[in-house]
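Below you will find one chain, with nothing else, as structure tokens; this is the form predicted on its own, and questions on how it binds or moves follow later.
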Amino acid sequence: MKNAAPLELHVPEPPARPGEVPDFGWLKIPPAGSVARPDIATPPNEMRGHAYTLIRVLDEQGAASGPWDPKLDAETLRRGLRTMMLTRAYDERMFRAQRQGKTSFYMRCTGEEAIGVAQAMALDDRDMVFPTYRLQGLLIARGWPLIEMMNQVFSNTRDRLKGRQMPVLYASKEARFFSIAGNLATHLPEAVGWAMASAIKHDDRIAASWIGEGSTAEGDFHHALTFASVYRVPVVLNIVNNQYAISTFQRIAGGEESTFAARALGYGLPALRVDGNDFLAVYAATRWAADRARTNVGPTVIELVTYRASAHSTSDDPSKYRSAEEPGRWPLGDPIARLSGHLARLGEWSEERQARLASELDSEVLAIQREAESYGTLASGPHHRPATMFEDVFKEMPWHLRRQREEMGS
């Protein structure tokens, strides 16, 4: 039987090409405070709608409302704001350092700071986190020293990773921050496995992991959800939907036909879709999922809807694939400005305090950068001795490596 018409493929289109006026009308934004907050023991099939809506707490005037409002005190809110601003100041300094040739590569998280910072504050510091890149806010919120992060970016003599990782692929056992991998999606099954081990040992720590929306097309994502669902693993699985997987708009990964949160439903998992630029909503949803995991109810998938305001990395030119007007037209705004506005509405902040803090943080980061550069940069050195390539690889160095090291005269 011959088809009546020739077959065609559907190729999803971005909202605007370079030079066009962006239109985010496809993003349905419910009123702040309008989404119900179910009990943490609610069966997933009774809260399917949460995978398709958007949990919001802060409205356009900076007021907090609705059942997801975590009602954080002003001091906690100021700490969150300061940490987001510190993260942005750190990003700006490291971006400049890359442009000056002091490191080879950098990735900013501009516009996504609420995710790393609010989620770190909602989790326990003892919980294990398995991040993807652009989550430097997790480390900063946990108090990991900026000097350690900069040393790793510069691959200098104080780099704890001895120059073996790309810049921004941080790792810290002390901060319970699993080493970031350039191979995307691998951390989800690793987090599930770690959380399974925690449960087997009857520990009280949970795990959390992050993935970009583009990486949900990888098999590792689905493997992780299968194990998490079958064994009711105490883990929080986050999808950071910042609209772009490098230069590919999120519809190419399946965001046109459904939400990324909805992918959890086929595995019998609860899913929350959250305004990722709303600090309060991110905090509340993460705490809800963490409480669910801690009480042995099971895992949760969270889609955090945000926007990558900067380039994918210092190797990327977004003007080639998206409109220059897009960042300014993103309807969910900027997370720092929104939390600042909320604090001001409460009478706990002002433009003067905002400007003063921004200046103080920039000076603080600059001073730390100067110290880090005193230990060397990628461009000028000094670096670790070549002989260190033999260290920290095997528990007991095999004979052939000992011989090679001796031949090097080290």
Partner chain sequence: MPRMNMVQALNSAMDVMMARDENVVVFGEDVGYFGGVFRCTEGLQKKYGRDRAFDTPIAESGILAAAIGMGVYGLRPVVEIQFADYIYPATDQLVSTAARLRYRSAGAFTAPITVRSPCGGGIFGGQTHSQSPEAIFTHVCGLKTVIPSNPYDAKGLLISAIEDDDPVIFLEPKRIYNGPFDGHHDRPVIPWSEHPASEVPAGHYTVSLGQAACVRPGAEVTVLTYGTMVHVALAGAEEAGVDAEILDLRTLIPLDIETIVASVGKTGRCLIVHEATRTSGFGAELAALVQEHCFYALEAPIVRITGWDTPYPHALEWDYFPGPRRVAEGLKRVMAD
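Residue numbers count along the first chain shown, from 1. Remember, predicted model here, so these are calculated numbers, not experimental data. Whichever C-alpha set is largest while still superposing within 1.5 Å between the two forms counts as the rigid core.
Separately, the form predicted together with its partner chain exists; it is not shown, and the next lines address it.
- Per the 4.5 Å heavy atom criterion, its partner chain in the model of the complex is contacted by stretch 316 to 324, the sole one of 336 to 344, 272 to 280, 316 to 324, 135 to 143.
- Residue 147 falls outside the set of residues with a heavy atom inside 4.5 Å of its partner chain in the model of the complex.
- With a 4.5 Å cutoff on heavy atoms, residue 227 counts as touching its partner chain in the model of the complex.
- The shortest heavy atom separation between residue 182 and its partner chain in the model of the complex is within 4.5 Å.
- Within this chain, residue 21 is remote from the site of its partner chain in the model of the complex, having no heavy atom within 4.5 Å.
- The partner is absent here; in the model of the complex, the one residue of 286, 209, 155, 243 having a heavy atom within 4.5 Å of its partner chain is 155.
- In the model of the complex, the residues of 193 to 218 lying within 4.5 Å of its partner chain by at least one heavy atom are, in order, 193, 194, 196, 197, 198, 200, 201, 202, 203, 205, 214, 215, 217, 218.
- The Cα shift for residue 400 between this form and the one not shown, taken after rigid core superposition, is 2 angstroms or larger.
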